[in-house]
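Below, in C-alpha cells: the form predicted alone, a single chain.
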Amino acid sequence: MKTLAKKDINKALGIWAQKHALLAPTKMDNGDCIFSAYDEKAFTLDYKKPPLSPKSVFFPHTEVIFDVANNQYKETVTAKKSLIFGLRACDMMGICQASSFMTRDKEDIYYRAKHNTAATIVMACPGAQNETCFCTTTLSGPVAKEGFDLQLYDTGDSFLVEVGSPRGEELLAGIPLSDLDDSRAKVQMDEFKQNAILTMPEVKSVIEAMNMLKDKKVAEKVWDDFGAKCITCGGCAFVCPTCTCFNVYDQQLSEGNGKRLRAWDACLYGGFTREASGHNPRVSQAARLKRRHEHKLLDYSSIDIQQGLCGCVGCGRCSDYCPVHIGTLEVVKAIAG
C-alpha cells in the first residue's frame, strides 16, 4: 500500500488541480469550513463536517435543463472534470444513495453527466465530529465501504492511501508516495476504524423508531407536536445528503426565448404534493413531517440504501441546523420514547 506524507498534501492537490476543478475543505472568515475551489492559503486539514453536503456538485441548487431559442428547445447537459477532496464517509454514502435513486428507474442525464466526470477522495473519519454524529448506527461510516476513488487514513505524519477504483489508481500518477507493507497497512487501517468507532454514539432509538414505524405503532401526537413547531424553512432537506426533491419551472426571457430550470424543493412545503385539482393529500405540516421521516427510515428501496441501514446516513446535519430542533435524532427519540 502507498502512503502520502502530510507535508506533500498541497503538492498533491496542486497536481490534481491542474486537471480537475478541485473542491477541498476551505476555512471561511466566519470559521465555517465548506467544500470550495482549492486555494492553498484557505485549505485546511483541520475541519469537522461542513454545514452543507457536497451533493450540489452533482445536483446543483438550480440548473438549466433546456434552453429555448425561437421556440426551439435545446437540451442543456453540463459537466466538467471535477474532484472532491476530503469527503467524510457519511457524505460518500449520501452520494452513493442519491446516485442510485437518480439513475434507478430512468437515468437522470443531468445528474449522471456530472457524476461520471467527478472523482472522490474520502478522508476516513477519525471519530464523532460533534454530538449529532451517528453514522455507525446507520452503517454509513466512519470509513467508506464503496463509491470512492481514493480513501485516506490519517496516521499522524502521513496518510495511508486506499485505492477504490481504476480512476483512483490514475489519480496517484505523479504524486509523491512511499510504500508500506500491506499487512502492516491493514493493521493500521483496522486500528484507525476501531478507534473511530469507539468515539461514535450508538443511537438505539433509530432502530426502535424504525421498528415502530414498520409496525404502525407511532402515535399521531408525535407528528402533531412536531408539526406545531415546524416553521417550514426546508433547511433539513437542503442540508441532507440524500434529499433529491426538485421542482421544474420556465423562465421566459422574450417572445419565444427562455429557459427551463430545475431547483431544489422540499417535501415539507405545502405545495409539494398539491395536485392540479387543488387537492393536497398531505394538507397539514404534521402529515408532511411524518412522510419525510417515513421516507428516511421506512419507505426506501433496498437498492438505493447501498448496504446502509436506511435512507438516513447519520450525518446529523438536520439536527445541527433545524432552528426548532426537529432533526432525525429528535424525531427518533420522540418516537422511541
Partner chain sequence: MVGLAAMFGSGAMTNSINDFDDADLFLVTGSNTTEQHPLIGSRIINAKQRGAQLLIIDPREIPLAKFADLHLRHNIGTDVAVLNGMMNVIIEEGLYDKDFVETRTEGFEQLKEVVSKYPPKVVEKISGVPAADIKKAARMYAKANKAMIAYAMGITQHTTGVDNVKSCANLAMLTGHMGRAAVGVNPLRGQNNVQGACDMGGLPNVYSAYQPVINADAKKKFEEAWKVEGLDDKVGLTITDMMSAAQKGELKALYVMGENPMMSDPDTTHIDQALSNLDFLVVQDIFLTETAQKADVVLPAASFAEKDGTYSNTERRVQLAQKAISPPGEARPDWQIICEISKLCGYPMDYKSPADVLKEINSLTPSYAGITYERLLTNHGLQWPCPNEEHPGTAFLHKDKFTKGLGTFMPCEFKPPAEMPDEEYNFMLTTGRIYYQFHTGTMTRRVSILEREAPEALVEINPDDAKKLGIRNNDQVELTSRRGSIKMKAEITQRVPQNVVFSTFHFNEACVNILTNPAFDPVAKIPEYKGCAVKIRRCA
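Positions refer to the first chain, counted from 1. All values reported here derive from a predicted model rather than from experimental measurement.
Absent from the display: the form predicted in complex with its partner chain. The rest refers to it.
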Inset, instruction - Using heavy atoms only and a 4.5 Å cut-off, decide whether all three of N247, W264 and G270 touch its partner chain in the predicted complex. - result: yes
Legend entry - Answer option from A113, L180, C233, L213, heavy atom within 4.5 Å of its partner chain in the predicted complex: C233
Legend entry - Position in contact with its partner chain when the complex is considered in the predicted complex, options K259, K145, K229, K193, heavy atoms within 4.5 Å: K229
Inset, instruction - Evaluate N70 for contact with its partner chain in the predicted complex, applying a 4.5 angstroms cut-off between non-hydrogen atoms, and reply yes or no. - result: no
Inset, instruction - Using a 4.5 Å heavy atom cut-off, state whether K27 contacts its partner chain in the predicted complex. - result: no
Legend entry - is_contact(K11, its partner chain) in the predicted complex, heavy atom dist at most 4.5 Å: no
Inset, instruction - Classify R274 as contacting or not contacting its partner chain in the predicted complex by the rule of any non-hydrogen atom within 4.5 angstroms, answering yes or no. - result: yes
Inset, instruction - Name the stretch: of 247-255, 150-158, 73-81, 126-134, exactly one has residues whose heavy atoms fall within 4.5 Å of its partner chain in the predicted complex. - result: 247-255
Legend entry - Residues in 299-337 close to its partner chain in the predicted complex, defined by a heavy atom within 4.5 Å, in order: P323, V324, H325
